[in-house]
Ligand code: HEC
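Just the one chain here, laid out as structure tokens, in the form predicted alone.
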């Protein structure tokens, strides 16, 4: 048995699709979020490390920014973070730190 969509049903489906457009537009990903995604391999899903590697979710942005710059310039001791931090500009470190600070 085939069912046909009547004109009113088609309009309802179209309106429902249009109504979700603002939700898609608001789902924009920030540059800080993109940069932070590489951190999660070691620091745990969404920065919530379950192990010995420090959790970074909700970390104060000013502190994290200072620490990342310290890793980058060699003034903070590291085993791996110094190599990661060298790949970031000051602006990227700021964006990354600010994003991680928003995570709870």
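Residue numbers count along the first chain shown, from 1. Predicted, not measured: the structure shown is a model, and the values here were computed from it.
Below, we turn to the form predicted together with ligand HEC, even though it does not appear here.
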Exercise for review: Flag residue 45 as yes or no: does it have a non-hydrogen atom within 4.5 angstroms of any non-hydrogen atom of ligand HEC in the predicted complex?
Suggested key: no
Practice item. Flag residue 75 as yes or no: does it have a non-hydrogen atom within 4.5 angstroms of any non-hydrogen atom of ligand HEC in the predicted complex? Key: no
Point to revise | Touches ligand HEC in the predicted complex: residue 30 (any heavy atom, 4.5 Å) | key: no
Practice item. Give a yes or no for residue 84: in the predicted complex, does one of its heavy atoms lie within 4.5 Å of a heavy atom belonging to ligand HEC? Key: yes
Check your understanding: For 37-58: residues with a non-hydrogen atom within 4.5 angstroms of ligand HEC in the predicted complex?
Key -> 38, 39, 42, 43, 53, 54, 56
